[in-house]
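As structure tokens, one chain now follows by itself in the form predicted on its own.
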């Protein structure tokens, strides 16, 4: 059974939390101050981008201090009555086991909407009367709707920033060691850089890319530069693959930040892994086949009125194929192989074009002819004769990356460059 690495390798102690050491230290001092009595600030407000460690910091510190953590996502308790029922009672009564208690209302910016009237006043009143520490978290602290929680006299306000690349890299290395996965450091560094400090996304990427591998190389991850951010597309895929109605499944098209053809590839790649009843899988694939049929007709006839059928079959058609298929544990979404192949070929074409232009300048032929007629012979020379290859490298003015590409590997390229020196 699959287990999400974000859960499997979630930090159990503060020492394992990635980055934000100053913010964590400030929060720890505040929480320990409750041992001396009620502090002026009875609630802490942790804010920052998704995936930077706000929630996991609270969970890890509660574990370190042996405290009972009462945790709820605030968006699940969106009315005054429910908030008072949950947080109000928990804030007044002690633990059954005699432990100190901490209350976490996660994603407090999710309580807003027409059904949420009275929720914020209820939370502020509970904080005034609480007998145990309360922690609130939010992504966008400066949202005008959160103005009630900006009083620094009543709330300890702590900003969580995106961790540095080296901090995320260290965390990814630790996970790879636990999973027995050998890696090239450049591969992990690339993942860390691409996710821009979002630790949760970096771990999700690592798990998705490492599936079925014992060794993760840079070439296995470099194509990520050519894909869209996965956070949105993963949420959209859930609407299609696990949609309960045609309307909700069709909404996915409006949310997707990729073009229609690319979205089709995402759905097509993931359907076989999320339908485990053969007849339902067949129905889902038939819906995709019909969508693809209309795509072809649109390309041939330019009749864009047919687009509605493409959308209906690839969203509602797939969603309504599900009746009994159930998820057996966590099933990761997979990046479409077509994206990877197109991205890889794009990089290769760019390299060949640059090399072709250098050959063109020396041999006075077209860059296309250079790639087709000269480059294959250069590869034979570079793979078998380092001395001759070194001479040609100097004559064509190839750089190290180009030599590596023509020679077909770093080992042979190193021998050529060594001879050149």
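Residue numbers count along the first chain shown, from 1. None of the values given here were measured: they were computed from a predicted structure.
The discussion below concerns the form predicted together with a small molecule, not included here.
Put simply, of 355, 389, 43, 52 only one has a heavy atom within 4.5 Å of the small molecule in the predicted complex, and it is 52. In the predicted complex, the small molecule lies within 4.5 Å of some heavy atom of residue 10.
Interface residue remark: residue 139 is counted as part of the site for the small molecule in the predicted complex, having a heavy atom within 4.5 Å.
Looking at residue 199, you'd find a heavy atom of it within 4.5 angstroms of the small molecule in the predicted complex. Although the partner is absent here, residue 17 is a contact residue: one of its heavy atoms lies within 4.5 angstroms of the small molecule in the predicted complex. Only one segment in the set 366-374, 392-400, 54-62, 28-36 has residues whose heavy atoms sit within 4.5 Å of the small molecule in the predicted complex; it is 54-62. Remark: all three candidate residues (6, 107 and 171) come within 4.5 Å of the small molecule in the predicted complex, counting heavy atoms only.
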